[in-house]
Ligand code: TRP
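The chain below stands alone and is given in structure tokens; this is the form predicted alone.
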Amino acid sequence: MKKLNKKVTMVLVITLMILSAFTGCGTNQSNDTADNLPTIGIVQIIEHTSLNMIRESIVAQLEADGFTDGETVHIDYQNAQGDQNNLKTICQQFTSKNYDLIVAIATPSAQVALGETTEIPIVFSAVTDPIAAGLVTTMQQPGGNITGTSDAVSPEQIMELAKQITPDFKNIGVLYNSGETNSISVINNLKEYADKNNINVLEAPVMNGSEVQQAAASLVDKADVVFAPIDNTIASAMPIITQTLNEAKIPFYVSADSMVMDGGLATYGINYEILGAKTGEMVTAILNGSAPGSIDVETMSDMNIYINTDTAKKIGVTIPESIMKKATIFTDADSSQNQ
């Protein structure tokens, strides 16, 4: 029996030594990779066309710059599915594994990521007002461990476009999530424009996606047109909103090209693929040694008109030829909801 116990003990010791040897081989890196490739964590607050376009464009730009997932870099993409608790957990995982860089898509993602680390470089994208969001104090060389791109648009310019397409409106219905810093900033700008032009703003704020349909329906008998900022809750509920407003023949002016793609009537805004590419360039610069705080936060200046001609037909609106000549045209076939 004693000999048997000695044999068992020896086997256990040898087994532990072998396991220790394998465990110690290549796992000293805190980001859990078995090689020396940098690891990027991409966190996205929710799934919708605008943010998906940004993420895909970031990855494409990184590949163009020589950073290909699985070959020259590791990319860990995580989606919080609109849940703030998920978002925090994801960012905590990225920081606990000491990833080399975090890409935070949309304002909530950036705010949570920055709350978890002031050391790991963070590049944000689609943050309308980075200063109001508390991410930076200046757009030029912001300092610290963060920089990124803004998707700020002008509600005044969008409303001026609306005047050309559907003139003489006096009541603007507004759909937005009252908990999103981005949206509040844009709505405040819209109110300033409305005051100067004797236009009423009818607010229909929501706190989550379950409230969107009722909020849209509440505007049907009151609003001449409806406007939405670049709002993640609204963008993710475009099919519900467009169905409600199209049936009522109410023009829906949005703030992103992807929201027009998903059924909004029109906007004057930025190209989200370009925004993503610019974000990717910033990631490349940091991976190549630049300090994030030395890179200016960039707001896109290349603005375009976007029109959904199928939506125009559904609500009986004729787009002036002068606008059609300058516009990028979308139809229902372009919507991510059909893909």
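Computed from a predicted structure; not experimentally measured. Start at 1 and count along the sequence shown; that's the residue number.
Keep in mind that the form predicted in complex with the ligand is missing from the display, and what follows is about it.
**Q** Should I54 be classed as touching the ligand in the predicted complex when contacts are defined as heavy atoms within 4.5 Å?
**A** I54 belongs to the contact set for the ligand.
**Q** Can you check whether T128 is within 4.5 Å of the ligand in the predicted complex, heavy atom basis?
**A** Taking the distances in the predicted complex, the answer for T128 is yes, it comes within 4.5 Å of the ligand.
**Q** Quick check on N177: any heavy atom within 4.5 Å of the ligand in the predicted complex?
**A** Result no; N177 lies far from the ligand in the predicted complex.
**Q** Please check if T267 has a heavy atom lying within 4.5 Å of any heavy atom of the ligand in the predicted complex.
**A** No, T267 stays farther than 4.5 Å from the ligand in the predicted complex.
**Q** Does every residue of T39, D76 and V103 put a non-hydrogen atom within 4.5 angstroms of the ligand in the predicted complex?
**A** None of them does, since no heavy atom lies within 4.5 Å of the partner.
**Q** Among I90, I122, M259, V226, which has any heavy atom within 4.5 Å of the ligand in the predicted complex?
**A** Exactly one residue meets the criterion: M259.
**Q** Which listed residue (P142, P108, G148, P155) meets the criterion of a heavy atom within 4.5 Å of the ligand in the predicted complex?
**A** Result of the distance check: P108.
**Q** With the ligand left out here, work out from 213 to 221, 228 to 236, 243 to 251, 165 to 173 which stretch has heavy atoms within 4.5 Å of it in the predicted complex.
**A** Among the listed stretches, the partner-contacting one is 228 to 236.
**Q** Scan 270 to 286 and note down the residues that get a heavy atom within 4.5 Å of the ligand in the predicted complex; none is a fine answer too.
**A** Sequence-ordered list has one entry, Y272.
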